[in-house]
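First comes one chain, alone, set out as structure tokens in the form predicted on its own.
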């Protein structure tokens, strides 16, 4: 039996050492990615915005369209803007709540998020290069963006006034798989395109029959570029060139890569949170947490003596493991999230209190210390289990509520509380019990009652 607890003790030491490394690693690569504390909007500052479907109030918006729009906005926020802790949630039937911690340029960020980015490859094959260049930057109508009715001319005409005709669309953004930025041998920036299998087939067939012709690239009905097809492109890879700066090429790639929104969005409310307020809130939260933890640890040591000191060690184990999980998952810490973490510390202490009170009762009845530890744990476990399961159920309900109604602060509280409770169950079941056996198995409780507060 003792061998088992020594093995568990070694395992716990390994976990604690690993958790300590993760906890005290900040902004450095570890396990293949950068490890750092992810702070929410209220602590780091940033931008909070409410986006709404830019459609008449009497126009219905399907739930599926809103879910798709939310997913695309989230992809743009996390991938395009590099805000790994962005919170994007549905808020009602027609609105999306977006929080961008650390974002410094709200106008550019929101423009990227709400841009519909409707990409089209349009047939300009009847135009010369000079005629096509004259249309760059102008709005045009296409067969993809304009409803076609009987008798509407879509074939080539001599008129090249943008509004005088409807231009044939060859491919759309739906045929695009990926877009990125690269540089040529001359150091010029261009946007590289990769098409889907269906898109590559259509693109290959078109370019094969239109070598030497102009194919316009149109974004949101505006002619962006008018490259000439130099050769048939059968492998599904193409390039957009045209005197791009790195910033312009990256912006275009972002818009193309993260797709077209199924519905237009507008910003109905925006709020910028300064980093000074967040830093002050974080500083005060850390002070409050440190004071609370110190008082709890002091109480445990004074009231339960040696078991209390071991419980404090288990509490440190709990804190390291929990915070390491926050950084590894990662969990975005907000003020409510920190509150959930602090509350879970109370749950961890509560489990130890139940175990130690049962331990003292068994010692008073004259049982051996080893036997009292096992009985104290086994008899306290049903209460620990039920209270923690109840808290986990509550956390799940809060998480669902926060997700359904766009209440990110409720969601953050639920996540940190649930993780904390799960870790506290581990420390109560394994860590505290192991520490007790390792230190006290060779001590006679009847000879040292003062060690246990009896």
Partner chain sequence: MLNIVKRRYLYFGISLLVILPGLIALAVWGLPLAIDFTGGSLLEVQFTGTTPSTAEIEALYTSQGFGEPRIQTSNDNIAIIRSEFLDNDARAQLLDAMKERFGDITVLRFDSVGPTVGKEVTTRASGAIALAALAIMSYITWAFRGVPHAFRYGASAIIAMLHDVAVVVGMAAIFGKVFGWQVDSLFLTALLTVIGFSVHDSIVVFDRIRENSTIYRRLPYETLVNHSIVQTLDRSINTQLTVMFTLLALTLFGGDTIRHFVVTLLIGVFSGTYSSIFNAAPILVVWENKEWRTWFKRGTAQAAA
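Residue numbers count along the first chain shown, from 1. Keep in mind the model is a prediction, meaning the values are calculated, not measured. For the two forms, the rigid core is made up of the largest set of C-alpha atoms that agree within 1.5 Å on superposition.
As for the form predicted together with the partner chain, it is not shown, yet the points below apply to it.
Between the options 133, 111, 174, 182, the residue in contact with the partner chain in the model of the complex by a heavy atom within 4.5 angstroms is 111.
A heavy atom within 4.5 Å of the partner chain in the model of the complex is found for one listed residue only; from 291, 279, 328, 211, this is 291. Using a 4.5 angstroms heavy atom cutoff to the partner chain in the model of the complex, all of 389, 393 and 410 count as contacting. Stretch-level contact check against the partner chain in the model of the complex with heavy atoms at 4.5 Å: of 22-30, 395-403, 425-433, 58-66, the positive one is 395-403.
Among residues of the shown chain, residue 361 is one whose heavy atoms approach the partner chain to within 4.5 Å in the model of the complex. When contacts are judged by a 4.5 Å heavy atom cut-off, residue 321 does not count as touching the partner chain in the model of the complex.
In the model of the complex, the partner chain lies farther than 4.5 Å from every heavy atom of residue 165.
Heavy atoms of residue 264 never reach within 4.5 Å of the partner chain in the model of the complex, leaving it off the interface. Looking at 308-342, the residues that come within 4.5 Å of the partner chain in the model of the complex, counting any heavy atom, are 335, 336, 339, 342. Comparing the forms between the shown form and the other one, the C-alpha position of residue 331 differs by less than 2 angstroms, with the core used for superposition. The two forms, fitted on the rigid core, differ between the shown form and the other one by 2 Å or more at the CA of residue 268. After superposition on the rigid core, the Cα atom of residue 314 is displaced by less than 2 Å between the shown form and the other one.
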